[in-house]
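Given as structure tokens, the chain that follows is alone and in the form predicted alone.
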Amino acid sequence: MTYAASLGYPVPRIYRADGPDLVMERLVGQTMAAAYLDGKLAPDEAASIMADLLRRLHALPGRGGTGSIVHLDLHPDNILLTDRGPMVIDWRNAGDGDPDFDTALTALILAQVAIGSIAHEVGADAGILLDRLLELMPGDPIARLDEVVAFRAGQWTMSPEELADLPAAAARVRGLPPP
């Protein structure tokens, strides 16, 4: 987060980082998902904000000199809409990597919500956001989609039902009927 902030990316200010302890700015604002549910944010606007955040993030060089910075969990619950603009939170999965992998992961998470695999109040409306985001998002989210599906399958947070639905979510990202 400190590195991304030093390059002008919208993250909370870090006041102190000491091993696992992190003291950062308290942000005031709704998540993008909450703003959408409250009718304060239309799907086109939400998709535009997400695409811009991904584009800006992937323009940042990786700290190791290869790839770019990737978030690996950028979705509407990890974007806070503040007086200073959208701010990206929850950086525990971030690192250096391939931007297409990151965009594919964002698309797959939205698809999982859209098909009902991940329970969320946004529900099927996530599909509207996904469709618009796929038109606007940088790179090629389909290029690394199979690797992202395998990555998601290996995440300990995934339930057996979510694992079983991954092929249908991937088909949704590709714009295909579920298998």
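A residue's number is simply how far along the shown sequence it sits, counting from 1. Being a predicted model, the structure only gives us computed values, none of them experimental.
Only in words, not in the display: the form predicted in complex with a small molecule, which the text now covers.
Please name which of the stretches 59-67, 119-127, 27-35, 46-54 has residues with heavy atoms lying within 4.5 Å of the small molecule in the predicted bound form.
Residues of 27-35 come within 4.5 Å of the partner.
Going by a heavy atom distance of 4.5 Å, is N78 a contact of the small molecule in the predicted bound form?
Yes, contact at 4.5 Å.
Given that the small molecule is not shown alongside this chain, does A94 nevertheless sit within 4.5 Å of it in the predicted bound form, heavy atom to heavy atom?
Flag for A94 set to no.
Taking heavy atoms and a 4.5 Å cut-off, does P12 contact the small molecule in the predicted bound form?
Answer yes; at least one heavy atom of P12 falls within 4.5 Å of the small molecule in the predicted bound form.
Non-hydrogen atom contact L72 with the small molecule in the predicted bound form at 4.5 angstroms
Outside the cut-off, so no.
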